[in-house]
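Consider the single chain below, provided in structure tokens and representing the form predicted on its own.
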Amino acid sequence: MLRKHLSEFSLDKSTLYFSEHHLSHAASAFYPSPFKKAAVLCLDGVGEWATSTTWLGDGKDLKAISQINYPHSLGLLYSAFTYYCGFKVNSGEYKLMGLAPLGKPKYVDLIMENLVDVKEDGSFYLNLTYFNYTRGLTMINEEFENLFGHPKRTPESLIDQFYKDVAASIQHVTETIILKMVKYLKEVTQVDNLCMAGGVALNCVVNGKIRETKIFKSVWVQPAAGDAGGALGAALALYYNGDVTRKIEEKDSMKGALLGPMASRSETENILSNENIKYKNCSYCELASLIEQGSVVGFYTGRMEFGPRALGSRSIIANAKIPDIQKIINLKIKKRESFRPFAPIVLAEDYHRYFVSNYDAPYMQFTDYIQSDQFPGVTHVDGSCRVQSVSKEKSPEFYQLLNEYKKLTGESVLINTSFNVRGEPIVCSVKDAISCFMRTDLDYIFLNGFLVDKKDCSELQVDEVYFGAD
């Protein structure tokens, strides 16, 4: 099958190479990092047999240290609780993470005494009596539900306090296990830097805790830490297996993760013209003014982000100071649960002004605590935020917008969330962006320097479902 489809690109006679799943994760974490030498931690559901692996990267060499095998998996443990709390496995884990601060970790002892046996080095075993994923089509069984005294939550139903407390509990357990792993990995490797990948590495709350402990001086997480990043890792693993020298960049070599497709300004204008959509040229100064006044804007420019986080090329932007802006965007635009938090963006040079730490966080992979109560739109119930620091080098257009906003208001914090509605991927093409814009309550869309006002769109344009799949 691979050869058949590769032949469409005249690659049918090429040699095929295969990379192990966790090697791909490790390579995606280490090789683009800014470190010559680093420990590497990979955590996910399962790849082949591995569920947790540790490595030592040095130059272009990547050496395996330890491995935990299926069915004992931290990723699958977290997914089991995702399922139990009524969210979809493999896509709803971030909802569970967002729900956790609304609860109290009442069930930590219950989990640690019955579900998972954790050693001091962070290795662990799951009690498979309570799980069904090894032999059935669900994550948990009746014994799991009996243990907690409540049935699995029905998806889309109201979330009562019990499930919030369960979410807080498994988040705490996950943090405990990973911090033990990190501490032991430091003892084994005696290096200053840590790299991370695998789906569990998308848990930015855990990542923030790792930074707080200062067990490692520096922590770098692959922006596409999940399986999508494995494509990058497989290519890098093969490349550095050859006779090449590894080039290490001071920040990292991910180029802001802006590795996806792009549409030129002329292509954008042609689409707008062909669809009879009224538009005008728009400066970043004018756009900043609209956002300051309370408009919610779809922002589309340059290359698309690689990975699950919207980093300023396919984003929805809003004023973080407006009361109830979180609920407005969640319910009227994103069409998702009202408790879900939004991420702040901040000019990199102003990071210390607003947040407790002073880190470089270009990929939205860590949480931090905000120092002010002026920004309700991005402040979670526990005062935490999943922050993106925006630099001119990595995100020039996004930086320009934030800089103009700062000139106008004196502040350089805005809401940034992915340009999509629940259940759909982040928009990729100009047509995707226009379709999403027309089907939501976004006020404006900014497309490669052109601005479209929803009020200027005809009733027919707004009511139609645009374009469909390309």
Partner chain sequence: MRYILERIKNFLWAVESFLVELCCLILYFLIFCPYSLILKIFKVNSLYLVNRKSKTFWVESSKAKTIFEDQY
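Numbering follows the first chain given and starts at 1. Bear in mind that the values here come from a model prediction, so they are computed numbers and not experimental data.
What comes next is about the form predicted in complex with its partner chain, which is not displayed.
With the partner removed from view, the residue among I426, I68, L56, V430 that has a non-hydrogen atom within 4.5 Å of its partner chain in the predicted complex turns out to be I68.
Proximity to its partner chain in the predicted complex, defined as a heavy atom within 4.5 Å, singles out one entry of A64, L408, V46, V421, which is A64. At the 4.5 Å threshold, heavy atoms of E20 reach its partner chain in the predicted complex.
Under a 4.5 angstroms non-hydrogen atom cutoff, its partner chain in the predicted complex lacks T417 among its neighbouring residues. Heavy atoms of E337 never reach within 4.5 Å of its partner chain in the predicted complex, leaving it off the interface. None of the heavy atoms of S33 is located within 4.5 Å of its partner chain in the predicted complex. Taken together, the three residues D350, V356 and D456 lack any non-hydrogen atom within 4.5 angstroms of its partner chain in the predicted complex.
Shown alone, this chain has one stretch from 94-102, 127-135, 161-169, 297-305 that lies within 4.5 Å of its partner chain in the predicted complex by heavy atoms: 127-135. Although its partner chain is not shown here, in the predicted complex the stretch 225-258 places heavy atoms of A237, L238, N241 within 4.5 Å of it, in sequence order.
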